[in-house]
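Shown below, as structure tokens, is a lone chain in the form predicted alone; questions about how it binds or moves come after it.
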């Protein structure tokens, strides 16, 4: 039987909030990152918020990822579903351990993909999501649901990894499960830009009231 102690043994970093009323951020790194990778980004976006940053539990050529892929752009969906369920369990355990409200996920690339999978597979686990250079995690369209979760999806017009049609399909999938999606295509490649940071910070501030309304969901 898996215990809370077992779940929280997953490598992660937690930094408590320094002011009340700020939604915590769940930071989800890209391929080759770890639990420290997005902490500076989290501090920049929400300086007073609690930060929760887990490490991906899959290795690809020694690089941490959140789930397996068969090749670039082709995911092992069975492993993705299992790892998404594990991450949902981790979030629940961390919320209980650290006294957190429902977090807002901020994911980049592979981390954005599993954040999208969480939004699709476990509506209500996240108070919101920032998906930076995300792809559709599942080929099959999800079953309709009602979540109302705000999601920011930022794509790069010159991204060689994420085709525009794929990003558009993800927005459609999220809307099918009831998410309120804001999608912008930036004049960028796969890497992040100052525009990503500015737009994300502005969006987090604008959606603060919506996040607080989700803080009691489990």
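Positions refer to the first chain, counted from 1. Here the structure is a predicted model, which means the values were calculated and not measured.
From this point on, the text means the form predicted in complex with a small molecule, which you will not see here.
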Here the chain appears without its partner; judged in the predicted complex, the stretch of 103 to 111, 123 to 131, 81 to 89, 141 to 149 with heavy atoms within 4.5 Å of the small molecule is 103 to 111
Wondering, does residue 31 line up within 4.5 Å of the small molecule in the predicted complex on heavy atoms?
yes
Inset, instruction - Mark residue 99 yes when one of its heavy atoms lies within 4.5 Å of a heavy atom of the small molecule in the predicted complex, and no otherwise. - result: no
So in the predicted complex, does any heavy atom of residue 165 sit within 4.5 Å of the small molecule?
no
Touches the small molecule in the predicted complex: residue 135 (any heavy atom, 4.5 Å): yes
In this chain shown alone, the residue from 69, 55, 180, 183 with a heavy atom within 4.5 Å of the small molecule in the predicted complex is 69
